[in-house]
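Next up: just one chain, as structure tokens, the form predicted on its own.
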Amino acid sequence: MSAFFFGPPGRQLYGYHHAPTGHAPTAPATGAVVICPAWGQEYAHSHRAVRLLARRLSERGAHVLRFDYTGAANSWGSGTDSSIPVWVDDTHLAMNELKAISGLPSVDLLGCRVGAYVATLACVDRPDVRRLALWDPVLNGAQWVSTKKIKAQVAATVEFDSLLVSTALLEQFRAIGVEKYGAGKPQSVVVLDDDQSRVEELATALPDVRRAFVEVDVPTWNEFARMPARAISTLVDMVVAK
């Protein structure tokens, strides 16, 4: 694994590249996967799981790039610089970066929670997206926001999920809806969720989606926990499938 900064000067994103392992050095890579992470406390809680997921994908011969959004973790900016359109642009930068690193003409996007929505929007007008993989996608933004703590709002900022963000970002979160998941047109879509009803709901927006229902062996997003081994194993199989 190698950590590095990429993107335009003055707005650098922090990335983590996992090079392919586990196959012959001369063998071609099985793919290039950009991971769009969760956000906020869900990002923190799932960090170890996503890191393991990236390692497992690289062991199956894929180039993998994990990255932090603008205004999050180690990337440039503060929470008030964050917005979903900016994160979509960040994802495009990550896709271009991994294509340059891997030498491959296409990428797979793997989005976690809110990152699944970001990954979906990043597919728009990007025919180089081979596969879109969604892990527990947030389908109802208003409902998701209602599960988080919101504290005092000052001017155009608000403390949401223990982070100071713009009120515009909060409204963008609330506007997430299942019908918007049909915006991108990747070559194929796979979904992993621990809620069968949500998997079926998403199929209304993505009728050709290949989906899997996996009972979560341990909590993933809402607390620090052991590795969700079955979920990771299933998702790796779905992403690297031909």
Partner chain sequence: MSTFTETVTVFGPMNRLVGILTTPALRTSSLPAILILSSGITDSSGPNRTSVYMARFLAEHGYSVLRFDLPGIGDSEMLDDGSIEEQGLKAMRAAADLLQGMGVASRFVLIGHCLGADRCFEGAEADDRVVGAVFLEPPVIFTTRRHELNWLLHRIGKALRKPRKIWEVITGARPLDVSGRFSAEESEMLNLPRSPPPSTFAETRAREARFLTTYAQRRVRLFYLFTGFSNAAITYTGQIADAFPEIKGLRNLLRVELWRDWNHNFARESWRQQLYASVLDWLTNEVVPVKSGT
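Residue numbers count along the first chain shown, from 1. All figures in this text were calculated on a predicted structure; none of them were measured in a lab.
Just so it is clear, the following notes concern the form predicted together with its partner chain, a form of the same protein that is not shown.
Taken together, the three residues 66, 78 and 164 all come within 4.5 Å of its partner chain in the predicted complex, as judged by their closest heavy atom. When its partner chain is considered in the predicted complex, residue 155 lies well away from it, no heavy atom lying within 4.5 Å. Shown alone here, residue 188 lies farther than 4.5 Å from its partner chain in the predicted complex, counting heavy atoms only.
Contact check for residue 55: a heavy atom falls within 4.5 Å of its partner chain in the predicted complex. Proximity of residue 146 to its partner chain in the predicted complex falls outside the 4.5 Å heavy atom cutoff. Checking 39-47, 176-184, 197-205, 57-65 against its partner chain in the predicted complex, the stretch whose residues place heavy atoms within 4.5 Å of it is 39-47.
Contact annotation for 2-18: residues with any non-hydrogen atom within 4.5 angstroms of its partner chain in the predicted complex are 3, 4, 5, 12, 14, 16, listed in sequence order.
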